[in-house]
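Shown below, as C-alpha cells, is a lone chain in the form predicted alone; questions about how it binds or moves come after it.
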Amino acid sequence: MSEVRVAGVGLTPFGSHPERTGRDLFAEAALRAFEDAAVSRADVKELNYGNFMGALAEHQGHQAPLMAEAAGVRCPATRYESACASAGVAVREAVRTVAAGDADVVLAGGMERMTNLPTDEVTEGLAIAADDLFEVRAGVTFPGAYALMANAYFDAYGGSREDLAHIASKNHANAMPNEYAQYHREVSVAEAMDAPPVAEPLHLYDACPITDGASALVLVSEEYAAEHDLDAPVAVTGTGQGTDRMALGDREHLARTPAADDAADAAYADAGVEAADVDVAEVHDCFTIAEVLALESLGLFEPGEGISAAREGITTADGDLPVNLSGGLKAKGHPVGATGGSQIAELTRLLRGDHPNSDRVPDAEVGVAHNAGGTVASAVVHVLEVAE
C-alpha cells in the first residue's frame, strides 16, 4: 500500500455567484490545486468529482466529463453523489485508488451551484436527500429534521439554545481571516440567541447558508512525490465510510449518528491512531447541533458532553481542541457537493502552516475531517497527518 500525499489544494471563494457556471467554478478550484501542487495535468489518471443537485440547479447531468474538460485533464472521470457527503466520497475513492497503487495522481473534489435558484427551490432540491416517501411528502425539510435531532439530544442529555449559540459565534469568529469564507462577520452569542426561529430550537444563526463554490485536491502516491521532489508534507492516512437508515423515523436514536461512528472507527483503524491523537478537526456543522453530534461520533467527546464544548472554550480557536477553524459550513459556507473536499483542503493548509488560522495550532500533527450526507444517513471521515 502506498501512502497518499496531498500535493495541492484549490478552492474558490465560497458565497453567492449566480452569474458563474458550475464548470467555471470547478475550473478555478482545479487551477489553484495544480498551481499549488506543481503537478502536470498530463499525469492525472482519474478525476473523482462530487456533485449533488447539478441536474436540478443547472439542468445538467453527466457532469464528470464536463469537469474533466474544465480542469484540463483527459482521463476517466466519475461523478459521485452522496448528498452533502458527495465530495467526501469522491475523495475517499481517490485515496483508496492511490493507496492501492492503481494510480499515482488523482484529481478529486466537487462543486455546487445553488444561488441561481430561489430559496424555496433550493430547499426543495436539498430535500431529495431525505426519504421522499416517508419524510419529504410529509413536509419534512432539513431544518425541521435537525430540529428533531436537537430536541432528541436535549431530551437525552440536556443542553440549551445558548450552547448552540456558542457554536455559531465560534465558527463565525473562525471564518473572519479565511479568504475563502462566505461570511466575514462576527456574531455574538447574544445576537445568535436573539435571531428569529427557523425550526425550534434552531434559529437563524444555527443554520448554514446557501452557497456556491468548488474544491479540488491533487492526491499523489508517496513514491510519485519523492520522484518529482514535491513539497507534500501532509498525508491522508485513514479513510472510513458509514451508512444509516435514511428516515429519522426508522432509527433507533435521533441523538446519535451511527454512520459517523462507523466511519470514524474505520478511519482511525486505517490510520493507526485514536481519537485522543487528534489535534484539530473540521466537522460537518450544517446546523449547530450537527457539530455536537459529529464531535461525539468522532470520539472526541463522550455522548452528552459535546454540547458544552464551545461554551467551555474547549473547541474554540484558542482551546485544547480547535474545531472548524475554517469557519465550518456555518460561516465558511456549504456548497453541498464541494464541502467534503473543502474540509480536507482547509485541514491541509492548517497542518502545512499556510492557513490564516495555522498559528492557532502550530504544533498540530493529526487532523480529522467529518463529512455527512442528509441527516447523517451517509458519513465519511478522513485522518490527515503531517508526514515529514
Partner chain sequence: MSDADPADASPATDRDYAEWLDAFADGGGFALVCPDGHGSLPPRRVCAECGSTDLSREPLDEMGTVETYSVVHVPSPRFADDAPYATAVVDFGPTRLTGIVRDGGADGDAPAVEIGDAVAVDVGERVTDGERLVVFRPAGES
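This structure is a prediction, so every number in the text was calculated from the model and none was measured. Residue numbers count along the first chain shown, from 1.
What follows is about the form predicted together with its partner chain, which we do not show.
Enquirer: Only one of 309-317, 148-156, 99-107, 293-301 gets a heavy atom within 4.5 Å of its partner chain in the model of the complex; which is it?
Expert: This holds for exactly one stretch, 148-156.
Enquirer: Exactly one residue in Val278, Ala83, Ala192, Val140 has a non-hydrogen atom within 4.5 Å of its partner chain in the model of the complex; which is it?
Expert: Only one listed residue qualifies here, and that residue is Val140.
Enquirer: Going by heavy atom distances of 4.5 angstroms or less, which of Ala77, Val198, Leu117, Ala271 would be at the interface with its partner chain in the model of the complex?
Expert: Here the answer is residue option Val198.
Enquirer: With heavy atoms only and a cut-off of 4.5 Å, decide whether Glu252 touches its partner chain in the model of the complex.
Expert: Looking in the model of the complex, residue contacts with its partner chain include Glu252, since a heavy atom lies within 4.5 Å.
Enquirer: Any chance Arg245 has a heavy atom within 4.5 Å of its partner chain in the model of the complex?
Expert: Residue-level check for Arg245: yes, a contact with its partner chain.
Enquirer: Taking the shortest heavy atom distance, is Met176 within 4.5 Å of its partner chain in the model of the complex?
Expert: Met176: no, not in contact with its partner chain in the model of the complex.
Enquirer: Does any heavy atom of Val136 come within 4.5 Å of a heavy atom of its partner chain in the model of the complex?
Expert: Because a heavy atom of Val136 falls inside 4.5 Å of its partner chain in the model of the complex, the answer is yes.
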